[in-house]
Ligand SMILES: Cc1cc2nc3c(=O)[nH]c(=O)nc-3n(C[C@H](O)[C@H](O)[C@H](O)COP(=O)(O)OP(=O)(O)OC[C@H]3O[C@@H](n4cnc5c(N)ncnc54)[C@H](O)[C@@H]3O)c2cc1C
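Take a look at this single chain in structure tokens; it is the form predicted alone.
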């Protein structure tokens, strides 16, 4: 289908086959795959000046091993993704902020030239995540300068070529916290400590060797209680084993605590999952509105760029199936999560079967605390899928979905039986 224009009240409405909201790895890979599958006109709306997503701010390795079979720095990886989408024929429109997504594929957005409207056969939400602020973490103390999330740090260092501080504390031990550590090394910044409230790092246990190899003390089981300083950070007050002490520092990097950037989904009235706080999807990546889909980190806490890239490609196949009328009309039954450590499951809805290949062949789960046991997917009192689990919070846990399930056989429940 060629793009065309409609006339009517308000801005001129332009037609497209698929509109993708967000130009990060998930959105870019979906666009390329959609074009390869013959989906027609594919338009990406990206609010920043350049597409590429978070990797554009990460001037370190490794990116691209799964996608390009080579090790790349973040900006080089982002440029390759953008180039591949454009070469496939995707129309990437930057400085385009989506303000509303209608139930039948109407997308309203703003640009420096004014408000615009697109009418699409399918809409894909791929807006990624945002980091939790200091206020949301309930860290007390004064409000000096020098407190940054990892994304802001990377923008200052890699995009502006500046050094916001010289001796910060890094809060958190997710993969992104180690990305912050590498960013500091690139900029000649020497962190004075990496502080983790849990007893083990959120990333894999061996990751704690990296700060030690760089001469950065790694403090587990330690909470940040307050940040002191008037104009700039001067001290970070910590609590460890019931004892309070302070670390002299000139900044703090508040890493992780990621939340889906789902504001436009919420304001547009699309279904949002209470566990993930992202769009609630079925195994085809479809939100309750049959023309709206979601993929990438907007679905849950942060995942790797390679994971999002792969997920974007898979949901592209489901979108093409939807355009061709090959998906079931009923978009499923919500998976109920029983008592226990499971905080979210993606997809959160399971649909009737069809000949179309689902974008999600597994339930992806997260825990809110360290736990060991067995997770079971139940239907009508029967176990239809299960696996053993021994995991820390916020780590990826996958449970393969059975191929013969149907919501008509009864409600689904996810149960965690601790060992």
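Quick caveat, the model's predicted, so the values are computed rather than measured. Positions refer to the first chain, counted from 1.
Same protein, other form: the form predicted in complex with this ligand, not shown, and the subject of what follows.
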Exercise for review: Report yes if any heavy atom of residue 21 sits within 4.5 Å of a heavy atom of this ligand in the model of the complex; otherwise report no.
Suggested key: yes
Q: Although this ligand is absent from this view, report whether residue 126 comes within 4.5 Å of it in the model of the complex, heavy atoms only.
A: yes
Classify residue 218 as contacting or not contacting this ligand in the model of the complex by the rule of any non-hydrogen atom within 4.5 angstroms, answering yes or no. no
*Quick one: is residue 61 in contact with this ligand in the model of the complex, heavy atoms, 4.5 Å cut-off?*
yes
Even though this ligand is not shown here, does it sit in the model of the complex so that 276, 359 and 366 each have a heavy atom within 4.5 Å?
no
None of 280, 150, 283, 173 but one has a heavy atom within 4.5 Å of this ligand in the model of the complex; the exception is 150
In this chain shown alone, the residue from 377, 54, 371, 43 with a heavy atom within 4.5 Å of this ligand in the model of the complex is 54
Of 246 to 254, 314 to 322, 176 to 184, 344 to 352, the segment with heavy atoms within 4.5 Å of this ligand in the model of the complex is residues 176 to 184
